[in-house]
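Below you'll find only one chain, the form predicted alone, shown as structure tokens.
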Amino acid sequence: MSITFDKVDYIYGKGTSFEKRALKDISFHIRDGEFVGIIGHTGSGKSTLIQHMNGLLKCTGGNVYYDCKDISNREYDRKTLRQNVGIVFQYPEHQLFEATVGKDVAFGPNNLNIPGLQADVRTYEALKSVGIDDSLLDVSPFDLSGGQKRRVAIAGVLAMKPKVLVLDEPAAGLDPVGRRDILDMIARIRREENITVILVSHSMEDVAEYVDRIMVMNDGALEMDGTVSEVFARRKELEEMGLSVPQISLLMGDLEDAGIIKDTGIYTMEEAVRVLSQKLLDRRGRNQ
């Protein structure tokens, strides 16, 4: 289901001495099945933005639409909205609270009054999708490793069967292996479930590797919105906002300046390995 923002504003503490305009005239449309990355420095408005997507925050001005319906209408069913648009907040393992893994993941379906057997099936399926074994169903979530806790927390949102999955820094604090495991898992779930995924991240490498489209937030405004290549091609503007391009593209830029390769617009390690491997093969061929 699509999400549309139409000239959305949001002001924290409106009418008080602490008033701050956190979102400024934001407009965009996210289509079904897209994998969108949202980047921006701390305080740019990323978290405020995603909390408008399922009505946790109500815009001060403008409108937010889910499936072409204005979610601010008094008659709108926000409970169903939050089932369809699931948000996984940063460090989601801090939100675990039930006695067992199974109960924690089943909390959402039970809260929706889904019949017991159906709720159990959702719980099993969600845990399976994030790689948590059935043997851990009756284990306390607080006895799990950090990576397992995060997977269980994500499973709790997946058990609601969302059409849109929004993740705020889902790999924050994890080591490189754990980071890749979580992001690979999210990409796989998106393919298998055919859902929309919106990924908030500080990592330029992550968004370059996984998403199809990047939205850049800066001081509450949507400064850029385009493909990975379109956004990262505007390196100077990104640097002026305190952002950068993936490290590998900086290296490839140095190689281009040295005349070793031509400009290829490379933003991922996989692309760099492919281009450099081909360059090496070409050179060997010429030397034979």
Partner chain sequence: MVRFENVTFEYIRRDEEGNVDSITTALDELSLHIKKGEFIAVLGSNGSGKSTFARHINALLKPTEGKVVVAGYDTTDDDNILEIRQRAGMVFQNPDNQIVAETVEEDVAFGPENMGIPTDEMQKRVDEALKKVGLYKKKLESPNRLSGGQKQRVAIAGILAMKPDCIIFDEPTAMLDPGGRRMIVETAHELNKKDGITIILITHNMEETVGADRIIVMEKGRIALEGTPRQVFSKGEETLKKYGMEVPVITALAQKIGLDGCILTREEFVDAYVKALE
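Throughout, rigid core stands for the largest set of C-alpha atoms superposing within 1.5 Å between the two forms. Numbering follows the first chain given and starts at 1. Nothing here was measured: the structure is a model prediction, and the numbers come from that model.
What follows is about the form predicted together with the partner chain, which we do not show.
Have a look at E75, D133, E192, D143 for me and say which one sits with a heavy atom within 4.5 Å of the partner chain in the predicted bound form.
Partner contact (heavy atom, 4.5 Å) among the options: D143.
L117: touches the partner chain in the predicted bound form, heavy atom cutoff 4.5 angstroms
Looking in the predicted bound form, residue contacts with the partner chain do not include L117, since no heavy atom lies within 4.5 Å.
Can you work out whether V228 and the partner chain are in contact in the predicted bound form, taking contact to mean some heavy atom pair no more than 4.5 Å apart?
Result no; V228 lies far from the partner chain in the predicted bound form.
Do R21 and the partner chain share at least one heavy atom pair within 4.5 Å in the predicted bound form?
No, no contact at 4.5 Å.
Taking 4.5 angstroms as the cut-off for heavy atoms, does H41 touch the partner chain in the predicted bound form?
Heavy-atom contact with the partner chain at 4.5 Å: present for H41.
For the partner chain, considered in the predicted bound form: do all three of I30, I50 and N63 come within 4.5 Å of it, counting heavy atoms only?
Verified in the predicted bound form; spot residues all out of contact, no.
Among 30-38, 249-257, 217-225, 64-72, which stretch has residues whose heavy atoms lie within 4.5 Å of the partner chain in the predicted bound form?
In short, 249-257.
Residues within stretch 166-196 having a non-hydrogen atom within 4.5 Å of the partner chain in the predicted bound form:
Contacts from 166-196: G173, L174, D175, P176, V177, R180.
Would you tell me if L251 moves between the shown form and the other one by 2 Å or more at its C-alpha, with the rigid core held superposed?
It does, since the L251 C-alpha is displaced 2 Å or more between the shown form and the other one after the core fit.
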